[in-house]
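Heads up, the chain below is alone and in the form predicted on its own; it's given as structure tokens.
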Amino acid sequence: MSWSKRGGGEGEEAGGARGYHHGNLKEALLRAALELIAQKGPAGFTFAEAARWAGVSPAAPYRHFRDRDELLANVALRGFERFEVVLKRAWDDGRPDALAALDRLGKAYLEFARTEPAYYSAMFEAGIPLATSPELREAGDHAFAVLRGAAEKLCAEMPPTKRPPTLMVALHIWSISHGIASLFGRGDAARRTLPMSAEELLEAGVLVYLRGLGFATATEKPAG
């Protein structure tokens, strides 16, 4: 979505502000930052430029954000919150079985990167120190917890003597998913082309990985 400039000055009460009206300054700044990230990347704009895009004075953003990094952290926080909802819906508590649910989870990961590239960039490419934002760290952990829960269910289906560490499996699957999303599944100009879909590449990569661990897929499990 774009917020195009429509006449008026740059003061806080300017009638041409990009979606801003009195009492909604924070939301206007978050939307402005999201639009600028989509246009220029998370490192491509200044705090003052975000204010201009929101249609407010350069001093106005300081009412809600300490600096540009805090504004970016808030965009990333919102992104992770949406990401968690998307992943939970796709996983659906592992129904009807863990492998089918994992496939949905992977597709949801790619779909988020494709349809929300500005949020995705803020979440993973802005270089925000997590130590300075406990809320952001917590939101990221909550999203990752969905993937870790999926790994737990997968590992539970393996014999105890051959069961790999759940965290390791979750991190490996996350790395595969994130790598494919970042290289081939993006919704912006950074996406590389492939002779297959990103979803097909991810499905194949995860299946090869799981088979390497000794996990039997549906076609390999004995009947009965």
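Basically, rigid core = biggest C-alpha set you can superpose within 1.5 Å across the two forms. We number the residues from 1 along the sequence you see. Please read all numbers here as calculations on a predicted model, not as lab measurements.
What follows is about the form predicted together with a further copy of the same chain, which we do not show.
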To test your reading of this chain, name the stretch in 111-119, 81-89, 98-106, 137-145 whose heavy atoms come within 4.5 Å of a further copy of the same chain in the predicted bound form.
137-145
Going by a heavy atom distance of 4.5 Å, is Leu213 a contact of a further copy of the same chain in the predicted bound form?
yes
Is Gly179 close enough to a further copy of the same chain in the predicted bound form to count, meaning some heavy atom within 4.5 Å?
yes
Residue-level question: is Phe45 within 4.5 Å of a further copy of the same chain in the predicted bound form, judged on heavy atoms?
no
Looking at the partner-bound form in the predicted bound form, is Phe65 within 4.5 Å of a further copy of the same chain by any heavy atom?
no
In the predicted bound form, residues of 148-185 near a further copy of the same chain [heavy atom within 4.5 Å]
Leu167, Met168, Leu171, His172, Trp174, Ser175, Ile176, His178, Gly179, Ile180, Ser182, Leu183, Phe184
If we fit on the core, is the Cα of Pro165 displaced 2 Å or more between this form and the one not shown?
no
Would you say Phe45 moves between this form and the one not shown, meaning its CA shifts by 2 Å or more once the core is fitted?
yes
